[in-house]
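Given as structure tokens, the chain that follows is alone and in the form predicted on its own.
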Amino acid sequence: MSMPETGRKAIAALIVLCLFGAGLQAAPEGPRLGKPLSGADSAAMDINVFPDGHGLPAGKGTATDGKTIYDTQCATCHGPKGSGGSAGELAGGSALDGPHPDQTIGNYWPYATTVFDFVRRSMPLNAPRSLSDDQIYAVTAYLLQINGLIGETTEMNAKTLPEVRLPNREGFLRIWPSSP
């Protein structure tokens, strides 16, 4: 019984590869873009803050302090008192069950720690991660205060911030495991 023509061609190709494959060069290394990530670089990027407050840094701030920072760093985009700017509204707004609800900190966000994490990671838009931890606590306090969630002189820090209960905390599905 003879082998079909396609089978013979496949075997011949395999033999050629085996005989001459040893002489093939390895693929090039790549374009050499970037640089290896050092342990220090990696640690600097580990700025996650979790809903329970894990990951919050040392520092503190009040809404009174935060208003000054907000007015110079945030109001240009978000408007005075968190409303009326070209960027998303941060305060005011309607109930979430209306036809066009505003998703502000006071009616949509589930955790005060998430506000801190977002401001720390992303704001101000033209210079993310340029604010100190004290400034971020102060701006977060101001945002919570203009939404009627804390007082002007209430100090926000790693202990008090996770204790602030936002109205929509139960409005989201939990996707992380519960602590034992």
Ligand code: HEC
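This structure is a prediction, so every number in the text was calculated from the model and none was measured. We number the residues from 1 along the sequence you see.
One more form of this protein should be noted, the form predicted together with heme C (HEC), which is absent from this view; the next part is about it.
Of the residues L37, L125, I47, A58, just one reaches heme C (HEC) in the predicted complex with a heavy atom at 4.5 Å or closer; this is L125. Partner contact region in the predicted complex: 112-120, out of 112-120, 150-158, 49-57, 28-36, criterion any non-hydrogen atom within 4.5 Å of heme C (HEC). Taking non-hydrogen atoms only, L143 approaches heme C (HEC) to within 4.5 angstroms in the predicted complex. The shortest heavy atom separation between L96 and heme C (HEC) in the predicted complex exceeds 4.5 Å. Using a 4.5 angstroms threshold between heavy atoms, T76 counts as touching heme C (HEC) in the predicted complex. When contacts are judged by a 4.5 Å heavy atom cut-off, E89 counts as touching heme C (HEC) in the predicted complex.
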